[in-house]
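Quick heads-up: it's one chain on its own, the form predicted alone, in structure tokens.
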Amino acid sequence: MFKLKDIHKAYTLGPMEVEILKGVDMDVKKGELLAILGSSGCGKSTLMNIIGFLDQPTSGRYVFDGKPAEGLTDNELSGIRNRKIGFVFQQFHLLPKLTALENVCLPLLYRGVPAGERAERGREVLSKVDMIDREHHRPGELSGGQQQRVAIARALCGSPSLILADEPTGALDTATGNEIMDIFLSLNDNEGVTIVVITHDPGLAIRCKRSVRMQDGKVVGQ
């Protein structure tokens, strides 16, 4: 699915350069369910941004779906994010004025998919996360767990090769967080979706089929 080799990332803050990632190597195969585990500030979210083409490394080599990431144009990067990667975040990022179905269909709207086809696919993925009976509800009418289910459906709507979930249960209670992990496990087991979960929670990481641990910008264990 993707390979990282000697990835470094540094930011310039005034007169100082702060190195966040310090030579990360990682090989994730298609169909894996991987946790990237680490405490706040260890670099795991920065790494997710690079994997998801939201940011670029300072140095190192990144190969995604068999192709090097270096030199891609902004349009090419946008196309990869829209067609091949689904994102799930801690804070859901649903548009408050849109219904659950309309939020889920957004990736297909940006592709120019016709309305009828968008709605059909949107209902299909809402069914997978047990939210089809809430398709006409807006985010303010849903619980946190329900909003996260809608966010997962949105990530699935474009049939991505990879789902990146950044602290997907961080804003939820333990029971609801376990329900969200059940969804990820089902998607991975039954549909072969490649999923990378970024988390600080060892209890969440242990439910994934493989985990790597980060500390101070490096991978320090598996």
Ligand SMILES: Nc1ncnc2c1ncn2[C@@H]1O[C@H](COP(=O)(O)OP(=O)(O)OP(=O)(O)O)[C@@H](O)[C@H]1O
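In case it trips you up, residue 1 is the first one in the sequence shown, and so on. The structure displayed is predicted, hence computed values, not measured ones.
What follows is about the form predicted together with the ligand, which we do not show.
Using a 4.5 Å cutoff between non-hydrogen atoms, residue 213 does not count as a contact of the ligand in the model of the complex. In the model of the complex, none of the heavy atoms of residue 16 sits within 4.5 Å of a heavy atom of the ligand. At least one heavy atom of residue 46 is located within 4.5 Å of the ligand in the model of the complex. Using a 4.5 angstroms threshold between heavy atoms, residue 157 stays clear of the ligand in the model of the complex.
Residue heavy atoms within 4.5 Å of the ligand in the model of the complex occur in exactly one stretch of 187-195, 37-45, 63-71, 173-181, and that stretch is 37-45. No residue in the set 3, 25 and 163 has a non-hydrogen atom no more than 4.5 Å from the ligand in the model of the complex.
Taking the ligand as it sits in the model of the complex, the stretch 1-34 comes within 4.5 angstroms of it through a non-hydrogen atom at 11, 13, 20.
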